[in-house]
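So this first bit is one chain, no partners, the form predicted alone, shown in structure tokens.
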Amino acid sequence: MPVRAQSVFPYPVKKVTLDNGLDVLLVSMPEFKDVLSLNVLVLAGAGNETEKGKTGFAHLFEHIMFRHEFRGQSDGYRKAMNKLGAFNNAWTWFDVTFYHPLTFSSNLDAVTLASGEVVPGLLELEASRFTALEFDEKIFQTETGAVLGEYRKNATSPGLAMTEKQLELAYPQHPYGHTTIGFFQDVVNMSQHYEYARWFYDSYYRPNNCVLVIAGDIDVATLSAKINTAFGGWEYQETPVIDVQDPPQQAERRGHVAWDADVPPRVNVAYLGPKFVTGSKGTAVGQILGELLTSRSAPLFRKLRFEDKAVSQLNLSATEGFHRRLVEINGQLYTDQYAEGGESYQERVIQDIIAGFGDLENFSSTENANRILEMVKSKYTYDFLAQLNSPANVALQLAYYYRFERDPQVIDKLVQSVQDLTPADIDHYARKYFVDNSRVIVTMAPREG
């Protein structure tokens, strides 16, 4: 019988939902004296970009939000944040954009500087840009140029081209079929779509489509009222529903990227996994696939890295999403072996990776399967706990998983679902998802000649 794990999330979470639908999660961590992590997660990412020719806009707003004209002043938001001495950044992914300023708890409300100047507090600044972002077409044009520069910088590595090819093959119609930065030609043409950008912000930057998470040295008892004052006027609005499905995949799909520079060849072998559902067996198995396949003790890793010396790097990525995401192993090959063995060497590595995935179909028959799984589950739990080492990281993990079912107990339930796994669950997952008609392979090698 599975043992019920103790709570691994070490802090109580206070959840408040404002009348406009904004979910607020408050986590008091008084041992982090005067540390304030204030985070807003917007449920808008690449997966919300369904209009042909208009990709990359969720990521564009990651840029524009920092240009907010607070109180009508050019660059007013950025200047005020600099005066607070706040660390301020954001990132965008397939389903979300996450803003995560970090500063002192004493900066929550307005601050009077030694010069006598009064600087607005972090709560007012963040509420201002999310509830009433001010930007004009000149700012929009500047930031589209910055995004184009970012794309060109990223494109100097073959990783972006491989990911673009892989997503194109895996999601022929679904908006997961493009990266968060968007298709190159869409980024080039982005500057022509100012009105669309305003529509995107108006559609997705709504309280009912966001989560506010504040962690650190905070007074939970008094903070709720301040948040309601700051964010309560944000107007509720239904967000667009994304209902795009890909046709069933009938066979393995392959693509190749020919790279102009002399770089080590690579292979990506991926399978479509299940969508994220807290507590489900499929989601729980996905949490530990890295340990089973590409940790230093995993049979596949030992074979390719130590016994055959066939790859210089081997990593697994199994990210979570509202829609089915890819479980992917990336291998970097040796240049000298590729010069000698060419495509046959590359194909041998691919077949070894496929066999490694396939071996999990019979994991329960592996010698010491129960003991191995218990060690993996224990390591997963302690690794997860080790991540909760600061207000910023606590807020990040809580927001990241809370978004799926909006359950403040999500982390405990996720960890418990992993603890409940049996070796037979690994078999079942592998037989269901590691099949030919959900496999996508992308290779990369220097262009011949």
Partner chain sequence: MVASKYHDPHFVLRFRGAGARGAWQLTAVVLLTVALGWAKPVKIVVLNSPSELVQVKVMVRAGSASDPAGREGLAALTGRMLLDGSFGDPSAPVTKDMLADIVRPWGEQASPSVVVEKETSTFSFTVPKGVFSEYAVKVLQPLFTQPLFAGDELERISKETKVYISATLRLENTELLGLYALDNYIHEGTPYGHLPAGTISGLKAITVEDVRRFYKTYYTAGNITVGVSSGDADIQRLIQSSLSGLGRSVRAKKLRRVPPKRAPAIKGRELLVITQPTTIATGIHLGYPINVDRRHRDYWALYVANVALGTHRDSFGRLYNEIRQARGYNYGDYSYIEWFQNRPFALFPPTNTPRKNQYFSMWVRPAGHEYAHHLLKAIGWELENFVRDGLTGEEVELAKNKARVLYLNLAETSERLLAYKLDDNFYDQRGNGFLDGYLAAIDALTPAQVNAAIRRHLQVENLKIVIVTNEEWGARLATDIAAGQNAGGKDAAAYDFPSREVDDELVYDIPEDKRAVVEKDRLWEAYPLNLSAGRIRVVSSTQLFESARLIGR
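Being a predicted model, the structure only gives us computed values, none of them experimental. Positions refer to the first chain, counted from 1.
Separately, the form predicted together with its partner chain exists; it is not shown, and the next lines address it.
Across the options 215 to 223, 97 to 105, 233 to 241, 353 to 361, residues that bring heavy atoms within 4.5 Å of its partner chain in the predicted complex belong to 97 to 105. Checking 71, 138, 254, 198 for any heavy atom within 4.5 Å of its partner chain in the predicted complex turns up a single hit: 138. This chain appears without its partner; in the predicted complex, the one residue of 202, 347, 336, 109 with a heavy atom within 4.5 Å of its partner chain is 336. Residue 341 falls outside the set of residues with a heavy atom inside 4.5 Å of its partner chain in the predicted complex. Put simply, residue 63 is close to its partner chain in the predicted complex: some heavy atom of it is within 4.5 Å. Though the partner is left out of this view, residue 178 does not reach within 4.5 Å of its partner chain in the predicted complex, counting heavy atoms only. In the predicted complex, its partner chain sits within 4.5 Å of a heavy atom of residue 295. Shown without its partner, the chain has 138, 141, 142, 143, 145, 146 in segment 109 to 147 as residues with a non-hydrogen atom within 4.5 angstroms of its partner chain in the predicted complex.
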